[in-house]
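Just one chain is shown here, as structure tokens, and it is the form predicted on its own.
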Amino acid sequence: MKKTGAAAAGEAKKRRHYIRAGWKDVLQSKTVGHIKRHWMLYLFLLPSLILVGIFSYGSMFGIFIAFQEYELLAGVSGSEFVGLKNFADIFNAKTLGTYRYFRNTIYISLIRIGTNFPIILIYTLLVNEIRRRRIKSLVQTISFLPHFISWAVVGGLAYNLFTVNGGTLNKLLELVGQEPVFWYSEAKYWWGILAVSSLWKGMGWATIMYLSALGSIDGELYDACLIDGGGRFRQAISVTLPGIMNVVVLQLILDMGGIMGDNYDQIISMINNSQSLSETTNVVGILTFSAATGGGNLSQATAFGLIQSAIGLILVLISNRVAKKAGQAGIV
């Protein structure tokens, strides 16, 4: 049954009234009032918001390439739209190439999380137990330094360490009567090497968030544990770990969301362009990098990146859900 003109006009007027009332509530809210009072402080956020808008959201326009048969000279507007063909080609690949890209990406991330996460947490607890401030600052400074070394430099250090002729590690092996290892030809070692190098470079920097959380723990809790007969180890287990558990869970959620991410800059710098290692070190990021710099299949590389992001988002939501079920705050 069709509405009369008067009834339609009345509904339109009612909708406009609701919209005006909604805007009025927004403008009179505490948040807007706080922004009006401290507008100069919020003005400092403007450059950051512009940069985020341009480089984080503006660049998302390039996702459209994943649904095209992209040609560099034709551009986005002139390339043919092919829908989900690139995704179908990825999942229906007749070779093992696609499988290896995803397998290596996931395995390297899982090994990195499985080794780095607990070791960094244990290292943070050990640093927190250092009572002399100067020694504690010295230990932290030394552990921070590798973070500021680029992966290109780390790759050069790795070459001097692993090269067959004159490499430091092979010299040590010869001293104990062992045969030198052709590190850049033996793919089986490199998942472990990448995990160890990632730990060495990022361990000190990763402790900053944990050490900051440790500063918020009430000192009376340690005193109560001490009165109950708890030693240093019991204090660390009963007071320190529960006190920073929210931060630990937050970091674990972020790590789980980054499983499909890969430090391709680390891999490219460290493998020294060795084709013998491609079986275990070819990850999705290297495919994207090669496509962008070598004129490869940009459409398929973009599709790979979109799949990475989608899987990462799903893992973050699942991890956050599990954390909330376990009684933690989560991030969403």
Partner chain sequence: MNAGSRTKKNRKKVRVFDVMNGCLMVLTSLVFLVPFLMVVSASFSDNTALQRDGISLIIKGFTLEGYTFLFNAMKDTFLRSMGISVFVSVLTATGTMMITTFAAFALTRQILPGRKFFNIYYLIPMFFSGGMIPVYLIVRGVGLYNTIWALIIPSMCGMYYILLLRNYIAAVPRTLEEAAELDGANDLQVFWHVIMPVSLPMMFSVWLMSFTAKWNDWASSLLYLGANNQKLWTLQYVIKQMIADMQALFGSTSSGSVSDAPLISAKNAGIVISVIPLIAVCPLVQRFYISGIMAGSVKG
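For clarity, every value in this text was computed on a predicted model and none was experimentally measured. Residue numbers count along the first chain shown, from 1. The term rigid core refers to the most C-alpha atoms you can superpose between the two forms while keeping them within 1.5 Å.
There is also a form predicted together with the partner chain; it is not shown, and the following applies to it.
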{"query": "Contact label in the predicted complex: N272 to the partner chain, heavy atom within 4.5 Å", "finding": "yes"}
{"query": "Contact label in the predicted complex: T293 to the partner chain, heavy atom within 4.5 Å", "finding": "yes"}
{"query": "4.5 Å heavy atom contact, F67 to the partner chain in the predicted complex", "finding": "no"}
{"query": "Partner proximity in the predicted complex: F148 to the partner chain, non-hydrogen atom cutoff 4.5 Å", "finding": "yes"}
{"query": "Site check T31, I130 and F144: each within 4.5 Å of the partner chain in the predicted complex by heavy atom", "finding": "yes"}
{"query": "Proximity to the partner chain in the predicted complex, single hit among S77, N160, S185, N92 (heavy atom within 4.5 Å)", "finding": "N160"}
{"query": "The partner chain in the predicted complex: contacting segment from 81-89, 172-180, 148-156, 239-247, heavy atom within 4.5 Å", "finding": "148-156"}
{"query": "Interface residues of 38-66 toward the partner chain, as seen in the predicted complex [heavy atoms, 4.5 Å]", "finding": "H38, M40, L41, Y42, F44, L45, P47, S48, L49, L51, V52, G53, I54, F55, S56, Y57, G58, S59, M60, G62, I63, I65"}
{"query": "Core fit, then S79 C-alpha moves 2 Å or more between the shown form and the other one", "finding": "yes"}
{"query": "Residue shift check between the shown form and the other one, rigid core fit, I268 Cα at least 2 Å", "finding": "no"}
{"query": "Did L277 shift 2 Å or more between the shown form and the other one, C-alpha, core superposed", "finding": "no"}
